[in-house]
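A single chain, nothing else alongside it, follows as structure tokens in the form predicted on its own.
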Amino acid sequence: MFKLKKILTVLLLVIIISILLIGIAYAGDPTGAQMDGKSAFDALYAGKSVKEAVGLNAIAINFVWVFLAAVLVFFMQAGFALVETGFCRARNATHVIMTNFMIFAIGALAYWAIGFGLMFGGASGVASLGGLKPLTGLFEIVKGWGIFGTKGFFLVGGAYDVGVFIMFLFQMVFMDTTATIPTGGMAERWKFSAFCIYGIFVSAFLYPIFGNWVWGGGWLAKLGVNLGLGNGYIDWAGSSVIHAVGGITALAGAIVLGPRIGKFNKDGTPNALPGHHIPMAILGTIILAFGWFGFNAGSTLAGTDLRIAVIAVNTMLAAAAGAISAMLFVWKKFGKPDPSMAANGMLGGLVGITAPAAFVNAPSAVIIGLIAGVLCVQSVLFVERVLKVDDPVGAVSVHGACGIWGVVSLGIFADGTYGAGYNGVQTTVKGLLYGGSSQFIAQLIENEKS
């Protein structure tokens, strides 16, 4: 009964905050855009020249592309559910898959109510998408150094716009990925009531605040404009914003919860607690790799951006390289390959390429994936044997360690063929190997903070 009262108290506070934010949203812009399909069509095409109509068609292509990419990313939820459930024991399968299922429902509403506004409520627009109504409510501690947005809560008022809505959809499924990652690291031993409170916190506050710093016009994005550090801190599709945040959160949660009963002996040596269904986990890994094309290529926010081809191929190559290097490393170290490590190696390669996917060439993508695969295995062993932390699915290593590697690798391998105008800097993105030492420093600043 006491636990139920705590949950109800938290929900009541969320409702009160929600009502206040709705009031703020309407006070800021009581009219809103409120464009339906027909009025949007009329507004776009009435009296337009052929040139203007072609431009508007390009915007339409961008909208459809972002929608399809969002659907691909949403399907990754099934992949996470299969991976985490397969890597855990049969007796806890229902609890594990329930957390994977409900994190979407809890997170979607919390992000709609609060998180999206904090993350993108100060974004001035995304030029490649087109048609995005500006949300100019960035809260700055000093001029040029923003830390969170103040508009867009509940998607009402000025946020009632087709461009903002499609942006919300895409970013909401990204949030869902972040919030799902720690459910694996804390699997088999946390209370469902605690999980519910966690889901609200991570989707409404933790992920959106850091996301604002990188993608919402916040201070990390402005390191280039304000301090001359390359193009500012860059994370193309979320090696840090999504994966490192999720992995580090999983580490903190696993430390607080402690290990599962029987995981460690009295002398600290670990015992294997094998997952009950490795084929299920492998299938989940394949689904995640499939959805990752929406994750990385979709982050162009533009079906008209032909860089999609480079991003998609780099994503595929890094995934393959991560699986290969993890398999070979384990084979050499333990005398036989391990399917779970190979799967995590592939995921590590995907996480590693997520930040630099748009800015590196194919050989660099393979190198990034190869390093990520070995790093993932070494990190799993370190977390278990040195830190004595019980991470049932390897979330800390796959997402945390490889996520940090991803943003660092961008600062090393970005080849200067793409990225002009990114974060308001007109030069292309160059890493350390191509003369971009300041970009490398920008990438290190965030990781030092982590």
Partner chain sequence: MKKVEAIIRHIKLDEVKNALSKIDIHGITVSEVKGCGKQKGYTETYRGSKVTIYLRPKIKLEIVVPDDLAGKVVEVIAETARTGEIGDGKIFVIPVEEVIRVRTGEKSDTAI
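Because the structure is predicted, anything quoted here is derived from the model rather than measured. Residue numbers count along the first chain shown, from 1.
Beyond the structure shown, there is the form predicted in complex with its partner chain, which is absent from this document and is the topic of what follows.
Peer 1: Go through L220, L138, V380, V202 and name the one with a heavy atom inside 4.5 Å of its partner chain in the predicted bound form.
Peer 2: Of the candidates L220, L138, V380, V202, V380 is the one lying within 4.5 Å of its partner chain in the predicted bound form.
Peer 1: Within 4.5 Å, heavy atoms only, which of F116, Y233, Y207, F87 is in contact with its partner chain in the predicted bound form?
Peer 2: Of the listed residues, the single hit is F87.
Peer 1: Indicate whether its partner chain has at least one heavy atom within 4.5 Å of a heavy atom of G253 in the predicted bound form.
Peer 2: Contact check for G253: no, nothing within 4.5 Å of its partner chain in the predicted bound form.
Peer 1: Does at least one non-hydrogen atom of T180 fall within 4.5 angstroms of its partner chain in the predicted bound form?
Peer 2: Output for T180 is no: heavy atoms all beyond 4.5 Å of its partner chain.
Peer 1: K336: heavy atom within 4.5 Å of its partner chain in the predicted bound form?
Peer 2: Yes, K336 lies within 4.5 Å of its partner chain in the predicted bound form.
Peer 1: Give a yes/no on whether G406 approaches its partner chain to within 4.5 Å in the predicted bound form, heavy atoms considered.
Peer 2: Contact check for G406: no, nothing within 4.5 Å of its partner chain in the predicted bound form.
Peer 1: Since the chain is shown here on its own, which stretch among 211 to 219, 141 to 149, 239 to 247, 340 to 348 would lie within 4.5 Å of its partner chain in the predicted bound form, judged by heavy atoms?
Peer 2: Result for this chain: 340 to 348.
Peer 1: Could you list the residues in 381 to 406 that come within 4.5 Å of its partner chain in the predicted bound form, counting only heavy atoms and keeping sequence order?
Peer 2: L381, E384, R385, P392, V393, G394 sit within 4.5 Å of the partner.
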